[in-house]
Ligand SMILES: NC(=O)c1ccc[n+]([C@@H]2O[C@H](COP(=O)([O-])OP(=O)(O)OC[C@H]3O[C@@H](n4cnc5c(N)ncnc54)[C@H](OP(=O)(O)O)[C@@H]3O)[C@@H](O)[C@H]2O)c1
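Shown next as structure tokens: one chain only, the form predicted alone.
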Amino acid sequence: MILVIGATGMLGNEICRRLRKEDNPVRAMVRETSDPVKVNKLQELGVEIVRGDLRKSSTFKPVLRDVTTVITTASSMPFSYVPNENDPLLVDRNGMISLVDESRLAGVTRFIYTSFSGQIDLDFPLRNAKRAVEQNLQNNGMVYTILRPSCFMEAWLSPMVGFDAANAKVRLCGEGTKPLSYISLFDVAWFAVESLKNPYARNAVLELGGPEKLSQLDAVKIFEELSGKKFEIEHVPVEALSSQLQSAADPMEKSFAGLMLCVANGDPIDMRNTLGKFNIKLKSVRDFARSMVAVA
């Protein structure tokens, strides 16, 4: 049995879909408050649903029964900060470390954890939580794979972070000139599932990026070319992001500022070695932009 944590999210759902397409037995841990529409869609895929909560390790035992592999994509972000209920320390660090520990005790032999790029390396709550989980997992005794994707196209090239292609308005982090390795969440899902059988993923940390290194401004130019629109560009200065990172009291706000500052600083990932071990054609920003422009 393969357990997926975060299955109602876009990445987790795609992982479940791919696993079921290969006829793998899949269980999803969902909270009592999870969207019933999303839960129903998982059930339609043939996914077994079990109630549990990362914030409550007492719920893990029935969730982990007969599980050999755990794949987790769950995170407190990008949701709102709620003290003592939804924050990076409670969910991304303590909850995830408890899950890792309880998984080993329950007999799980393989654990695949979705982190983020190793070049995201500033001091902020989400980054610190993910690195703590990575360290715990690497010392836990289970076979592990740590996925470290760069910027998801579906998030960082969307209105969620100020990239509003439909209205030709974008807000960029810093000058927008540093290279990034935008990657599609669908490709990350592919790596997660492929890691179950590819020996290169055994006890490995996989830095994952797309097929090219593009700046934020490069991405804007691609969208402009395909849409035929001239985009209105706003820049959020690095100094403003640094100030927000230092002054934010809310750990979620602090983490958002840290992530945006890391985007401003760039995150290029060389995929040549990894692509020599994994047979995948990565989705490009142009592919993504073309699909977005078609929808608009």
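Since the structure is predicted, the reported quantities are computational estimates derived from the model, not experimental observations. The first residue of the sequence shown is number 1, and the count goes up from there.
Separately, the form predicted in complex with the ligand exists; it is not shown, and the next lines address it.
| field | Which of 198-206, 167-175, 136-144, 109-117 sits within 4.5 Å of the ligand in the predicted bound form, heavy atom basis | value | Residues of 109-117 come within 4.5 Å of the partner.
| message | Considering non-hydrogen atoms and a 4.5 Å limit, which listed residue (74, 222, 214, 189) is close to the ligand in the predicted bound form? | response | Selected option: 74.
| query | Heavy atoms within 4.5 Å of the ligand in the predicted bound form: does residue 132 have any? | reply | The answer is no: residue 132 has no heavy atom within 4.5 Å of the ligand.
| message | Since only the chain is shown here, I'm wondering whether residue 253 would be in contact with the ligand in the predicted bound form (any heavy atom pair within 4.5 Å). | response | Residue-level check for residue 253: no, no contact with the ligand.
| task | Although the ligand is absent from this view, report whether residue 10 comes within 4.5 Å of it in the predicted bound form, heavy atoms only. | result | Although the ligand is absent here, residue 10 would touch it in the predicted bound form, with heavy atoms inside 4.5 Å.
| For residue 34, is any heavy atom within 4.5 Å of the ligand in the predicted bound form, or not? | The answer is yes: residue 34 has a heavy atom within 4.5 Å of the ligand.
| said: Is the ligand in the predicted bound form close enough to 93, 124 and 269 that every residue in that trio has a heavy atom within 4.5 angstroms of it? | reply: Not one of the three qualifies.
| query | Taking heavy atoms and a 4.5 Å limit, what residues of 139-159 are near the ligand in the predicted bound form? | reply | Contacts from 139-159: 149, 150, 151, 152, 155, 156.
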